[in-house]
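Next comes just one chain, in C-alpha cells: the form predicted on its own.
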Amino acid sequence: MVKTKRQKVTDFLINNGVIIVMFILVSYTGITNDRFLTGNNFINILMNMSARLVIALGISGCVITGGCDLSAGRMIGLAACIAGTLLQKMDYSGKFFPNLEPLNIIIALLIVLAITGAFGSITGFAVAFLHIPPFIATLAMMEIVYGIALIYTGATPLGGYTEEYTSIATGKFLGISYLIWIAIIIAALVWFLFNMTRHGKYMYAIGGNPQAAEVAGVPVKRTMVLIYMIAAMMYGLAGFMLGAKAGGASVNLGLGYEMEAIAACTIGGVSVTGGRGKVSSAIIGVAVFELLKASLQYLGVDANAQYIFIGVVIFVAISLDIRKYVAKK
C-alpha cells in the first residue's frame, strides 16, 4: 500500500517523537536559562556522554542481533572496582592491597578488559552454544558478576587513586578531555568493525535472520561469542573511565546503565527486533538522554523525579520501535 504524503509525515512525527520532544525541551531550556547553551555546559555534556557512548556502542552489537545484555551495569561496577584496587596510592590509608605498588594504567586497563571479556565470552557461549535466550543468559551473568564484585571488594567503597589514573578525566589534548577523545576513538573503531569487516556483515545477517545466515555459511556461533565478548570489554573500558572520572568506585557504579544504553540505541535507530542499527544511532540516542538529563537539572526538576522522565522515555522509545516492526509485518 502506497502511503500518502500526510501519512508519511504522521509516521515521521510518531517514529521520531522522542527526538522531537527532546529538541523542543532543549530549546525551551536554552531560552529560559542563559547558562544552558554555553561552551562549558556543552563540554560537560560531552564528558558525561563519553562513557555512556562506549556502553551503548558495546550493547548495540547485542541488540542488532536481536538480543540484549542486562549484565552491562554490573560489569561496569566490577571493572571500576578492579581498576580501583590496582591504582590506589601507596600512602592511602584505606588501600585495598597495602603492599601492591600502583600498576601502570595501561596494564591495569588490559587486566580489566581481559576479565570483563572473559565474562562476556561465557555469556556469548551460553547464548550461541547452549541456546539460552540472551535475556536469561545476561540476567544470570548480571547476578554472577555482582556477587563476584561484592566478594572481591567486601562491598567497600574505593578511593585514593593515583594522579596518573584520575588524569584520564582531568587531562586534555588539544583542549578536549581525554574521556571525549576515548569515546571518539571507540566510535571510529566500532564504525569500522560494523561497516568494513566480515564480523559486521555477519552481525547484521544474524540480526536479520539467524537461520538463513547459518545456511549461507555465516559462522553464527563464533560471531555471537565475539559480539558478547567485545561488548563486555567495552563495558570494562567504560567502568575504567567512570572510575577515573569519579575518583572512586563501588560495586553499584553503573547500576541500571544497561537499560538506558538499550533505550538510547533504540531512540537513535537500533531496532530491538534485530538487523538494523548504526554507530550514529548510538550517538544520537546517548546525546538525547544526556540533553534530557541536563535540561531537567537546569529546569530545577527534582533529582528523584528525573528517573520518572527517563523511564517514560525508555517506555516510549521501545514502544515506537515495536510499532515500526509491526507496521513492516
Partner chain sequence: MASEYKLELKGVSKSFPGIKALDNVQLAVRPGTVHALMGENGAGKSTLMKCLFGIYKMDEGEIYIDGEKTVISDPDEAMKKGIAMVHQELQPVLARSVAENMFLGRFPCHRIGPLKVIDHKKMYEETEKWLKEVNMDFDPKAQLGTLSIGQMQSVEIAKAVSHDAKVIIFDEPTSSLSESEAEALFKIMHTLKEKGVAMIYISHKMDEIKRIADDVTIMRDGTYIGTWAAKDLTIEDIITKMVGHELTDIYPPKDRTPGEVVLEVSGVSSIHEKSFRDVSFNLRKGEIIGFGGLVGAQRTELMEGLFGIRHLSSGEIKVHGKRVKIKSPRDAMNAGIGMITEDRRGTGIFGCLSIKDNVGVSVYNKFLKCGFVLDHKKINSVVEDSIDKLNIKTPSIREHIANLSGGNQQKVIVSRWLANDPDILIMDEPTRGVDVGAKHEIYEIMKDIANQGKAIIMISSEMAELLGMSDRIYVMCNGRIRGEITEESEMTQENVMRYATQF
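Numbering follows the first chain given and starts at 1. Just so it is clear, the model here is predicted, and its values are computed rather than measured.
FYI, the form predicted together with the partner chain isn't displayed, but the following is about it.
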Problem - One stretch from 132-140, 203-211, 148-156, 228-236 that, in the model of the complex, holds residues within 4.5 Å of the partner chain by heavy atom - result: 203-211
Practice task
Would you check whether the partner chain, in the model of the complex, lies within 4.5 angstroms of a non-hydrogen atom from each of Phe192, Thr197 and Ala216?
Solution key: yes
Problem - Distance check, Arg276 to the partner chain in the model of the complex, heavy atom within 4.5 Å - result: yes
